[in-house]
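Only one chain comes next, encoded as structure tokens, the form predicted alone.
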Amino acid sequence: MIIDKKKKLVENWFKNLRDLICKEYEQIEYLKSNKKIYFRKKKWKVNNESKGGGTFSILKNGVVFEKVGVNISTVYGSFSKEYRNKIPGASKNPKFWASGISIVAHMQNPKIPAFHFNTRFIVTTKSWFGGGMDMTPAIKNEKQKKYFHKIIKRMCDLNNKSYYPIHKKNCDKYFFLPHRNEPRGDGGIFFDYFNNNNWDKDFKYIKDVGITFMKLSNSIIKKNINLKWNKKDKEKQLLKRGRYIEFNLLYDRGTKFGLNTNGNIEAIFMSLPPLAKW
């Protein structure tokens, strides 16, 4: 399959997944509040050396979601001299093409964990997929953590039984705050430079990761949607969000990639919660 066809298939999938997840989250809001609250979408374009753009969709101040952002983007151009040596296949030819979807959901109820998901396809002189999903609770719940990993492992095993242990280990290592010597949350899966020389199978896995995230996050949110909480619970959530922000600003590869490809600042920082404490 030629690379241009692959690009189109991936880009369309990310758009379709965005629409599915936004619709599902809007229905969850309606389930709890009986009010129709919709994502507000805003398109953006790159206006300098890189080209392309995307759309970020935000739903905030809901009964369930304090803030949830869903961003899709497709950008292309040339990496800067400082950045190209860090990207496979870009040292001699700095041209790139990248498309992706990124989702971060922060909840009103501190007993519902925050969720993060992203998948992407990047093309230089080489090409690969990347992404994953993880869950960050403010209040520990071991039963919920086991369920989260059980469903992810089941999905991974249907694709390749080596994926879950490798991608879980990657996630535990990546979503870690070394300056505090603590994990960001309950982990999940994370992978980068994912290319097994079978594009169709790799793309199927990417789609399975997206659908599993949608179903799994919906399930956990609905299970906890009516739990009671108090000010102490909220305080724990706000402090945990501070840790979340520290990771995203100090270590997150997506943040660094967005800044180095002249992405939209609002879209890059959509992952940040509206309120946090330290």
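Computed from a predicted model, the values in this text were never measured in an experiment. We number the residues from 1 along the sequence you see.
Although not depicted, the form predicted together with another copy of the chain is the subject of the following passage.
Trainee: Would Ile3 count as a contact of another copy of the chain in the predicted complex, using a 4.5 angstroms cut-off between non-hydrogen atoms?
Mentor: Result no; Ile3 lies far from another copy of the chain in the predicted complex.
Trainee: Give a yes/no on whether Glu246 approaches another copy of the chain to within 4.5 Å in the predicted complex, heavy atoms considered.
Mentor: Although another copy of the chain is absent here, Glu246 would touch it in the predicted complex, with heavy atoms inside 4.5 Å.
Trainee: Just to confirm, Leu250 within 4.5 Å of another copy of the chain in the predicted complex by heavy atoms?
Mentor: So Leu250 counts as contacting another copy of the chain.
Trainee: Is the gap between Leu259 and another copy of the chain in the predicted complex 4.5 Å or less for some heavy atom pair?
Mentor: Within the cut-off, so yes.
Trainee: So, Lys35, Lys140 and Trp229: all three within 4.5 Å of another copy of the chain in the predicted complex by heavy atoms, or not?
Mentor: Result no, not one residue of the spot touches another copy of the chain.
Trainee: Picking from 143-151, 179-187, 160-168, 109-117, which part of the chain touches another copy of the chain in the predicted complex when contact means heavy atoms within 4.5 Å?
Mentor: Of the options, only 179-187 has residues within 4.5 Å of the partner.
Trainee: In sequence order, which positions of 8-36 have a non-hydrogen atom within 4.5 Å of another copy of the chain in the predicted complex?
Mentor: The stretch 8-36, when checked against another copy of the chain in the predicted complex, contributes no residue at the 4.5 Å heavy-atom cut-off.
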